[in-house]
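A single chain comes next, written as structure tokens; it is the form predicted on its own.
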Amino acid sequence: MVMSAAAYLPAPKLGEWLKELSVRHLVLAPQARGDAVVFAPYAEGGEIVLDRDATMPPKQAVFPATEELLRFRRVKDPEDPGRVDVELSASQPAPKTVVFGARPCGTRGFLAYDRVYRSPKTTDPYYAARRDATLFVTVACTAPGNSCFCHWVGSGPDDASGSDLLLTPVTGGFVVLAVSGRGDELLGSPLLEPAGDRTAEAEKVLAAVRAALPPAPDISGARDGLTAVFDDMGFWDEVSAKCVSCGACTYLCPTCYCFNITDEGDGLAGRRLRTWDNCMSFQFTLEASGHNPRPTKAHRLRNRVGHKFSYYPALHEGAVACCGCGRCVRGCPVSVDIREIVLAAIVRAARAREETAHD
């Protein structure tokens, strides 16, 4: 990334800047909660964790794990007791929010959401309202983790395509770059200084982390490879053998967007909730008849990997529904590695083509 006009935020002024943002926004920042790092409302004096990636991505800011869509109440017509009307009340408007301290991969995940929930055909009003009300201030990575593979999917440690401001750590503070019009609005703080020569240091920091990434394999054949092994249940049984179907991979993923809707109440009054769902669960596709089209974890893992690297790209002009953050790898209790599965599918399909050619 070539930096244009940029500002500089001294590290000692970070808390004061977040306090300033809190006047007009709900500020969510990465904070320690036991062994985890989660995005939680910032309070003055709160300790911000920036030396490691958050355990959870910031997707709850725009797509909450549990979201109230509406409340309902059934009211009898006093003049016609046999008639019951339903009164609906919409959920509260989305608050103006700033998500601070996410890595670029975490916010880039919303690009996958946008193609689904803000498509030309259909717009989810709840998602759209929160998306419009939320600004993302991300911090570029300064070292790759062993589970990171953002560069496999066409991204990188300073990919700001899902951000409004990008902060690059430099000596004594951060170089702050606006990467959207909305981000420009946050640069008017008197706490920010001209970046000057610090932009050159920021470029060196980013160049160093890019150079530290191991070479990325060519996964352009993933879509065809996964299609080719779709019916090879021996392959899927093999790669899913150690999976325990806990669903951690889906809950930790910045691009997983499946949900369930339930009504809670006493029959006369209640509320309608949208909650995250988990495609690795047996109940996800269980039909009322008792039939399940994905009866085994092999079938379910096939769907999860296939959706990200095959079905989604087929629907969205080749875009992969994976940002390469590696959370699914780090968070899996039995070390199922989606990278290994994708590469294995490509190899398996290539071998099958070779065998067919020799027959």
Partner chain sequence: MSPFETLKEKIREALPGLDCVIGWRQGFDPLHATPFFMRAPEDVEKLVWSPLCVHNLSTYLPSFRGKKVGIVLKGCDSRGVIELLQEKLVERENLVLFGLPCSGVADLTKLGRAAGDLDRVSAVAWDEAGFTLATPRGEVRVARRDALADKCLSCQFPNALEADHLPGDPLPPATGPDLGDEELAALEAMAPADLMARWAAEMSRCIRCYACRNACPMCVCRDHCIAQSRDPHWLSQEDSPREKLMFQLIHTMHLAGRCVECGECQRACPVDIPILALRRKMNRVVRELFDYQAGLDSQAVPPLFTFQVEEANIKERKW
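Just so it is clear, the structure is predicted and the values come from calculations on it, not from any experiment. Positions refer to the first chain, counted from 1.
Only in words, not in the display: the form predicted in complex with its partner chain, which the text now covers.
At a distance threshold of 4.5 angstroms between non-hydrogen atoms, residue 333 is in contact with its partner chain in the model of the complex. Its partner chain is not shown here, and in the model of the complex it never comes within 4.5 Å of any heavy atom of residue 43.
Taking the partner from the other structure, its partner chain in the model of the complex has a heavy atom within 4.5 Å of a heavy atom of residue 246. In the model of the complex, its partner chain sits within 4.5 Å of a heavy atom of residue 273. For a residue to qualify, one of its non-hydrogen atoms must sit within 4.5 Å of its partner chain in the model of the complex; none of 115, 218 and 255 qualifies. Though its partner chain is absent from this view, in the model of the complex it lies within 4.5 Å of a heavy atom of just one residue from 208, 75, 241, 200, which is 241. Only one of 320, 329, 28, 305 lies close to its partner chain in the model of the complex, with a heavy atom inside 4.5 Å, and it is 329. Heavy atoms within 4.5 Å of its partner chain in the model of the complex belong, among the stretches 167-175, 104-112, 130-138, 276-284, to residues of 276-284.
With contact defined as any non-hydrogen atom lying within 4.5 angstroms of its partner chain in the model of the complex, the contacting residues in 132-151 are 143, 144, 145, 146, 147, 148, given in sequence order.
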